[in-house]
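In structure tokens, the next block holds one chain alone, the form predicted alone.
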């Protein structure tokens, strides 16, 4: 018995519970009908006319505990409105929203104690103070017990790699350093949910990679649920288990990211490098007539496998062109979303 190694076994529940349940949410805004003429301006002072904008139209979806869910869509699709409702900053016009067993916009004071929110263009760090001093101030705001604060600070400082500049004033940080510090600042109180709105906007590749790796680690090790909105679809592709796609206020896809890719990925891409430059205008009978130029002597051709046979296309290219190199690529998530909206 003595000297035996004791193995810790982590029990993983078979079925994860929903931590977010959104049912038939709508949000309507009143927008004043502005009139440019002087007479119209005077009349609007007496009686203003409004039009109704439907930002969200019956949005429904669920998110399970510990998952990373990506919310994507074009500008105006309703992403920001949805995040504001989920974080308790805005009431919906109709429908229901339960997050972590709370109604965010009705129980906001209790609810916000268990969430963290990072908006790419907003900061809760104090500009002229060293990063660590901001963290200490936030400790008192969130009423975090000292030992818990120290443990969390050590853990998040390590996974976000901010130890080298934690004593540097915020105003002296690069954008990537500041964003990493912002994320740490919103995690110090151990939130169950983390809302990230464009967390990698404007960042270089190294900063993006660090943030993505840390978010993944946070989800796996602490079971934190993450809601991510981003126009950088590499963020979504690398991180997300679930995908909610919005278009004009409606959900056009809610489910596993792989299912979305398989459903809409009907195309492949042939990338071909040829010996010497070709005049695409002269290739009316050649598969390259609809090619796009990737680089000097390198062309990309979309192949819709529902209407074209890849094997026939390859045979034609090999027979007719002086090929130096050729590769076949699956359409990326960005390619699929671009084609979906166009």
Ligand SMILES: Nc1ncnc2c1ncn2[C@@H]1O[C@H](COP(=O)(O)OP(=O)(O)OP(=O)(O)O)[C@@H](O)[C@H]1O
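From a predicted model like this one, the values you see are computed outputs, not experimental measurements. Between two forms, the rigid core is defined as the largest C-alpha subset superposing within 1.5 Å. Numbering follows the first chain given and starts at 1.
Below: the form predicted in complex with the ligand, not depicted.
- Screening 175, 74, 252, 136 for any heavy atom within 4.5 Å of the ligand in the predicted bound form leaves a single hit, 74.
- Partner contact region in the predicted bound form: 79 to 87, out of 253 to 261, 79 to 87, 175 to 183, 124 to 132, criterion any non-hydrogen atom within 4.5 Å of the ligand.
- By the criterion of a heavy atom within 4.5 Å, residue 222 is excluded from the residues contacting the ligand in the predicted bound form.
- Residue contact check for residue 310: none of its heavy atoms lie within 4.5 Å of the ligand in the predicted bound form.
- Residue contact with the ligand in the predicted bound form: residue 295 places no heavy atom within 4.5 Å of it.
- The closest non-hydrogen atom of residue 241 lies beyond 4.5 Å of the ligand in the predicted bound form.
- Applying a 4.5 Å heavy atom cutoff to the ligand in the predicted bound form picks out 231 as the lone residue from 214 to 242.
- Once the cores line up, the CA of residue 333 ends up 2 angstroms or more apart between this form and the one not shown.
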